[in-house]
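Shown here is one chain on its own, the form predicted on its own, set out as structure tokens.
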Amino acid sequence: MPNLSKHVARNLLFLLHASTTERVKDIIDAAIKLSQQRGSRIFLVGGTVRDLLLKLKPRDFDFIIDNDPKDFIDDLCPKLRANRAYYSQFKTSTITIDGLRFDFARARTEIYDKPGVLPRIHDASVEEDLYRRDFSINSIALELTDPKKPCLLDPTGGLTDIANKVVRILHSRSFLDDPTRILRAIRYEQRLKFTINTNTRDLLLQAVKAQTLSTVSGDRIRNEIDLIMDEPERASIFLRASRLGVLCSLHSSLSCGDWVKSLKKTGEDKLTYISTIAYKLSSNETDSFISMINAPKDWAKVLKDMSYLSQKETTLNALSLKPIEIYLILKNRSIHSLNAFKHSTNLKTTRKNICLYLDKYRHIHPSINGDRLKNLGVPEGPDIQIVLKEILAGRLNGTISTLPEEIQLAQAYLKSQKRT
């Protein structure tokens, strides 16, 4: 395999140091020193190298080493006082420091026994490792074993594809072996402002048509959705996925609608983004989607609440709604879903009523409680709830503003009951 320009490798090393903090430099230097002590090789690889070439700040740092990553991290961590995790199935160790991930993986090949399942792992050379990756732009490695003589490995033409702004798959069966690469290709394309090349697009569409995503576990699909929701270009990613038929392949109800457009408007909150997916979904469709992705409780809550809210969209658009009616429709619904719904709906009165609830009504509560009402003579049971509701209605519409006024309303209720 030819070594590419020493100038490019040195420039990458310069960019690595220029774009990272002193803490990150110390971690990388410690890893290089440990590799030298062990007589092994260490490479910076994948998205980290790609981002450096694009003059982007690396999100995480991925390394390939040619020995056991568990032993490597066991020796490295005491020097860094870092949290660590080891994933034996993939021969990968991870340390997390200051919110940044540093992954150390044994150079390996992967064998997929059938579509959608996780691969079997075998030790391999660094060159073989680069050939087994997803896209050419992620198959570039910068050897750091001797920082004075950095070496760049690019066996699949990743440098050319980066220069041409192209996302290109490496193998004809790549989308079949791991269908999550379908979503990953779109994510890279939109994030980097690249274009999926023609052959890759054809293979992607074939995999979508073959329903390969249905072979992937719900947890892995949810992880890909989670990663998309972290992207600034989340709306364009989902829009592109819709146009390529990927969303419908994931779940039949996920046709592109207003929920995608609302992703551009919502604030910086993951659960708010998640909840937008259920806009315009029925209760049954939402339950099916939650089951399909094996959604955790917080996801399930916001998705169900958004489905409920979208079913109340027309009701909330009525000009005649009283404050207490708005309150009772919206109470106990997630703030994340309410905020997402506010941006999703095109009905002005509905949006106004949501804003009234968020900004005002949800903060209003009676001062009196059930025990105090019982002391005033209100019978236990439904009467307590009736009085509390009337007091809340008065608070919401402004006819009641003090505790004495609440007591007065309760006493008036008691008198009316005695008359009847």
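Position 1 is the first residue in the sequence shown; the rest follow in order. This is a predicted model, so every value here is computed, not measured.
The following text describes the form predicted in complex with ligand ATP, which does not appear among the structures shown.
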Ligand ATP in the predicted bound form: contacting segment from 199-207, 269-277, 342-350, 129-137, heavy atom within 4.5 Å: 129-137
Three-residue site 50, 62 and 187 fully in contact with ligand ATP in the predicted bound form at 4.5 Å by heavy atom: yes
Residue (of 243, 331, 191, 149) lying close to ligand ATP in the predicted bound form, criterion heavy atoms within 4.5 Å: 191
Of 286, 262, 145, 180, the one that lies within 4.5 Å of ligand ATP in the predicted bound form (heavy atoms): 180
Non-hydrogen atom contact residue 46 with ligand ATP in the predicted bound form at 4.5 angstroms: yes
